[in-house]
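In the block that follows, a single chain appears as structure tokens, in the form predicted alone.
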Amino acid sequence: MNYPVVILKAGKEKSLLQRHLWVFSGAIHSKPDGLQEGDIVQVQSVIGHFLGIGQFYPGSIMVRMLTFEPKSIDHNFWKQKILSAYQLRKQLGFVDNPVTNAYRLIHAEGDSIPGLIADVYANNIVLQIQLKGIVPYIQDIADILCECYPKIESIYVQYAFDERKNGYVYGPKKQDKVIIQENENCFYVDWANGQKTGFFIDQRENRAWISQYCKDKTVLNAFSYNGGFSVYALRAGAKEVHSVDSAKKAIAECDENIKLNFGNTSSHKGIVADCFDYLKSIDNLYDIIILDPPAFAKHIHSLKNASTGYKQINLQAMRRIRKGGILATFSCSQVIDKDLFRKIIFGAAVDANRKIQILHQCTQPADHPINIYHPESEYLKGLILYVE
């Protein structure tokens, strides 16, 4: 193990001693010249104490830690990491589950592997490479996944920084689209053309939770994408469900999923519209409103505008939902933590001037684990509200 050494300023080693996975540029005392993006580096305190091994990246987060032990970053290292993630999902009951065959196997910092997402869809795995430093290890990762999953049919790789490179690293390219099962429901997943890795697995438990309130109700699924909440609502006996999204393609996929589960039904309507505009145009129409928007804030610099966006969309919903309605509202913006999100919803409730109670506080499921040393891995938060 002979990696270039990055030295931290005095007093800046505390976060690494507490196993946080990011080293910010302002914490660095010195680094070797010529470091390239993704290079493996050893991190030391200013007095020479070993702190861990990570990858160098130019920018505000300059080192992303891989281990706090003196290890070589080789095939055995990745095997240990991936097997640890696999054993956790097996213990949680996701592996070979006859009811639900889509789950997250590797959750980046949540599994102490910055830059790598792995989602399982039936006998297929989609890797999302978020950082260039993961690229040299893709074949190692694929080989290890094949050992874990003897029945695997394909491994597809998405490059967040260059979509032109997307493609298969294992298995013949037979199809980019499969049907997965989630509880009683089936969904098409298109990893080559869909959002993220093809489906929002992280809302699995929240879909089930909200569906408990949907029987005989009129439901609006805003920012519906391919209709996960809509399918659950109809399965639970909703009287009518409207799915609204600004993307025509998303509504087409939503309609496909409705037909896959229920055939041709008049209980569902897909609507292509801006969700902000749509909410302003309706009043006293829905018993249940679900707001699951894309991340309004992906960076701290957009926090103010994002907070305003979340407040306004929730304010419109609170003003227009029927008396005694249920509002389920979510944020997947990492830079908006659950305390700030709750304050935003509080502000909307005050302006709406309606009595509102919290029934449930929602988060991401167990296959998206939160690293207790890295709170940034907790990104999904939500509230299920009763609006009197």
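A quick note: this is a predicted structure, and the numbers were derived from the prediction, not measured. All residue numbers refer to positions in the sequence shown, first residue = 1.
This protein has a second form, the form predicted in complex with a small molecule, left out of what is shown; the following refers to that one.
The putative spot formed by 22, 27 and 132 is not touched by the small molecule in the predicted complex; no residue has a non-hydrogen atom within 4.5 angstroms of it. Only one segment in the set 103-111, 123-131, 145-153, 216-224 has residues whose heavy atoms sit within 4.5 Å of the small molecule in the predicted complex; it is 216-224.
Distance criterion of 4.5 Å from any heavy atom to the small molecule in the predicted complex singles out 195 from the list 267, 166, 183, 195. Note on contacts: among 274, 74, 283, 162, the single residue with a heavy atom within 4.5 Å of the small molecule in the predicted complex is 274. Contact between residue 294 and the small molecule in the predicted complex is found at the 4.5 Å heavy atom cutoff. Looking at residue 203, you'd find a heavy atom of it within 4.5 angstroms of the small molecule in the predicted complex.
Although the partner is absent here, residue 287 sits far enough away that none of its heavy atoms falls within 4.5 Å of the small molecule in the predicted complex. Heavy atoms of residue 207 reach within 4.5 Å of the small molecule in the predicted complex, making it an interface residue.
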